[in-house]
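Here's a solo chain for you in structure tokens, the form predicted alone.
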Amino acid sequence: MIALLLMLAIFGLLTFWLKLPRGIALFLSGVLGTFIGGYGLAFRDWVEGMFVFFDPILIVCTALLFLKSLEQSGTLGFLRNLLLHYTAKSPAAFLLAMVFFLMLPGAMTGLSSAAVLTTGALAAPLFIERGLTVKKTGALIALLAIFGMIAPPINLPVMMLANGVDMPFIGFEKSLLMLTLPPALITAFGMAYGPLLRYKKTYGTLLHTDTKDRFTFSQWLSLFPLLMVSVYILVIRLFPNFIHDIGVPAVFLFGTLLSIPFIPSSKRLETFQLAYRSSLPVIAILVGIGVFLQTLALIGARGDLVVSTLLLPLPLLPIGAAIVMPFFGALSAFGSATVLGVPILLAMLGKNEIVVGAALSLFAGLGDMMPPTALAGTFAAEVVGEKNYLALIRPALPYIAIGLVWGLLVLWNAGFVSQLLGMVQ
């Protein structure tokens, strides 16, 4: 355990004192950890650690490429206008549409930052123009991006949890939807319904101008790649015995190829460049976490952590997870899921592992709104023009608490939840 604490201290110093990117800080912490453990230049373990999360890295690269292609082709902007036009008479319907819109990129990439910087940037003016404060708008965008990151079909924290206990990433969809949709809806309606309703009563509609006349056939056609990818991902999960699963990265590549004709030729190269720049920091974090975890396993610190966790009283584990994992997630949600989530999941093997893993991924994901880094909050502050990202945390705190309490309720009742969802206990 001393070695683990020393590695975490090194990571903290590299991140907050030397201001190194988190991926590089995790990598260097793992490298120095082999010296702390007395293994010296453990090249083989460093390289092996770099490839621990190779599958999630492929998903991140291809998903961000697909997302950027949708952004550059104008599909996301058209989808926003489309949803606004057809829900303009009802604030409730508008909020439901915006929950789907803001959660979509996170659900497809497993990254809250991707959602904030794409659909979040597109939706922010809609909320601010309709009476929501800048701080609440930023908090709303950040929280819905986080809930989208935890929602199916792509959830990177739970993929890492499953990888840590040698469990296939199969059958998580129902439990992840149950964990994310209720707090997402409560957050959206709690923050935005009042201002939107007042705006509707004042102006009679949520629209500034009628957008329907500007919808063209090519815009409708640009939705085809998104529709195809969504339908294919849904079908392979509903009918796995009849539809061949070509793999999530291949699905996203196929969607990107379908999107290319809708991207102006002058922007096609830029699309690949933007995807590369967006994915590189995430890849660095995944590689760094892999080396960090490989070092923990090499020097025995991971085993000590698992044994120490197993010795804790079982009733205290869910509460401890709901407190510790979000704060560790402030450094890295992926690191929280792997370093803390795996031993907690192993300690709770008597419960349904899928439900437990899904709940732990929610705790880890909410770390993206925790200081000092608050990744989702930082990006949301930039999107809405708020200089201090901490200003977004105060309006978000009640809804973070709701998410944690909801996750705890699901975790405590994992057996009942698995029966309710028709899952095998």
Partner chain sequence: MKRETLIGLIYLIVCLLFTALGGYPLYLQRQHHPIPVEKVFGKRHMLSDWASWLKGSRGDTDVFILEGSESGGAILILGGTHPDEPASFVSSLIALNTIQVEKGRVFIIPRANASGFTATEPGEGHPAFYTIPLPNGNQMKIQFGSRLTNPLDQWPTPDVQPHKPSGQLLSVKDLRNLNRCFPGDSCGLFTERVAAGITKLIRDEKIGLTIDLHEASLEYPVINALVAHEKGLEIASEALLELEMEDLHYSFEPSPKKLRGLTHRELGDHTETVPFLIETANVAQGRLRGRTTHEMITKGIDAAYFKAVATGLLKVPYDQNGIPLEVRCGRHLSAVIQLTHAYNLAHPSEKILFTGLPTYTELTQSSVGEYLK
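Positions refer to the first chain, counted from 1. On a predicted model such as this, the values are computed, not experimentally measured, just so you know.
Separately, the form predicted in complex with its partner chain exists; it is not shown, and the next lines address it.
Q: With the distance limit set at 4.5 angstroms and only heavy atoms considered, check whether Tyr39, Asn241 and Ala297 all reach its partner chain in the model of the complex.
A: Per the other structure, all of Tyr39, Asn241 and Ala297 touch its partner chain.
Q: Does Asn163 make contact with its partner chain in the model of the complex, using a 4.5 Å heavy atom cut-off?
A: Output for Asn163 is yes: heavy atoms within 4.5 Å of its partner chain.
Q: Quick check on Val307: any heavy atom within 4.5 Å of its partner chain in the model of the complex?
A: Answer yes; at least one heavy atom of Val307 falls within 4.5 Å of its partner chain in the model of the complex.
Q: Test of understanding: in the model of the complex, would Leu58 fall inside 4.5 Å of its partner chain by heavy atoms?
A: Taking the distances in the model of the complex, the answer for Leu58 is yes, it comes within 4.5 Å of its partner chain.
Q: Contact with its partner chain in the model of the complex for Arg237, defined as at least one heavy atom pair within 4.5 Å: yes or no?
A: Flag for Arg237 set to yes.
Q: Only one of 392-400, 359-367, 378-386, 41-49 has heavy atoms within 4.5 Å of its partner chain in the model of the complex; I'd like to know which.
A: Looking at the partner contacts, the answer comes out as 41-49.
Q: Please pick, from Met178, Val99, Ile128, Val248, the one residue with any non-hydrogen atom lying within 4.5 angstroms of its partner chain in the model of the complex.
A: Going through each option in turn, the one that passes is Val248.
Q: Please pick, from Gly350, Pro313, Gly204, Pro168, the one residue with any non-hydrogen atom lying within 4.5 angstroms of its partner chain in the model of the complex.
A: Filtering the options by heavy-atom distance leaves Pro168.
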